[in-house]
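Taking the form predicted alone, here's one chain by itself in structure tokens.
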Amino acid sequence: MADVLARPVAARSRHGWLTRIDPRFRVVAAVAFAVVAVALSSITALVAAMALALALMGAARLPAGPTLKRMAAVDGFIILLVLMLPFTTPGVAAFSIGPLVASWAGIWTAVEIALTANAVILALMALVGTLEPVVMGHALHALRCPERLVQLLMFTIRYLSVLHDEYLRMRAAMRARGFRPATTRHTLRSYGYLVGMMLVRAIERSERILGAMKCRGFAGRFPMLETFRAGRADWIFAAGSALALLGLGGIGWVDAAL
């Protein structure tokens, strides 16, 4: 238990002042930022949101290289949409590539989506991504999130690596028996058996875990290892976040009025 309690403190010491803020405030700020950023439709406001996300990245002292790589991995899901929007949105023509005509409306829509997605992702990585998973679960519980949902999150975090190790052992057993993946019906059937066995073993493991927990007196609730107390710095952070989000909304409202 001492090791579990020490890990969040060690994690905070490696990062900036943002990691010393109460996790509850950081979770609420991340959700509020995402809601405001998604609601914005002004390029100026979205650029300001991206600048705010970059400031949060600096406050959390996230390393630039790994952070940009993670963002690029997420951007891979939306890049096709961003590339297709200029050619599928009607409006005044900007340029053409053969028979395909790109419109200015589509270009601006693509820019808005790219800025929104990257600002939200970067803010979440700075505010929530630096939290230890256990601390994240405790913060959600303290915010009165559904207890069953919090427990599901905690179990998922705890046993995801266990199931991954089980998957690797089964893959190694398949290779030892001469299995080589190919575009054949046998390969598809083998992967189907693999997924089925993973589900069966996961159910069996969950039953054993539940039995062990009941033997140790589990009655449906987890004792919380951390008690959060909001301090002066936390309330200053909350006030600053509220002002920053109101500023983003004000920029968007002014641009819409003009």
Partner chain sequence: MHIVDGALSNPVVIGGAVVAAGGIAQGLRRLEMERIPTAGVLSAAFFVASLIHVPIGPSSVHLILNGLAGLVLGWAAFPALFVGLLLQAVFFGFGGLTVLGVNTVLIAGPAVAVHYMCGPFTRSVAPGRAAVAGAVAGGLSLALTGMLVALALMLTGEAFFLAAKLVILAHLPVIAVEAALTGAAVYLMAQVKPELLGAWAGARA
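Numbering follows the first chain given and starts at 1. None of the values given here were measured: they were computed from a predicted structure. Superpose the two forms; the largest set of C-alphas matching within 1.5 Å is the rigid core.
One more form of this protein should be noted, the form predicted together with its partner chain, which is absent from this view; the next part is about it.
The candidate spot formed by M125, L131 and L194 is fully in contact with its partner chain in the predicted bound form: every one of the three has a heavy atom within 4.5 Å. Contact with its partner chain in the predicted bound form, defined as a heavy atom within 4.5 Å, holds for exactly one of A55, V31, A212, V47, namely V31. V35 is the sole member of I43, L68, V35, A233 with a non-hydrogen atom lying within 4.5 angstroms of its partner chain in the predicted bound form. Contact check for Y167: a non-hydrogen atom falls within 4.5 Å of its partner chain in the predicted bound form.
The shortest heavy atom separation between R148 and its partner chain in the predicted bound form is within 4.5 Å.
Within 4.5 Å of some heavy atom of its partner chain in the predicted bound form lies at least one heavy atom of A219.
Using a 4.5 angstroms threshold between heavy atoms, L163 counts as touching its partner chain in the predicted bound form. Although its partner chain is not shown here, in the predicted bound form the stretch 97 to 129 places heavy atoms of I113, T116, A117, V120, I121, L124, M125, V128, G129 within 4.5 Å of it, in sequence order. With the core held fixed, P181 shows a CA shift of 2 Å or greater between this form and the one not shown. When two forms of a protein are overlaid on their rigid core, residues whose CA moves 2 Å or more are considered shifted, and S190 is one of them between this form and the one not shown. When the rigid core is held fixed, the Cα atom of A202 travels 2 angstroms or more between this form and the one not shown.
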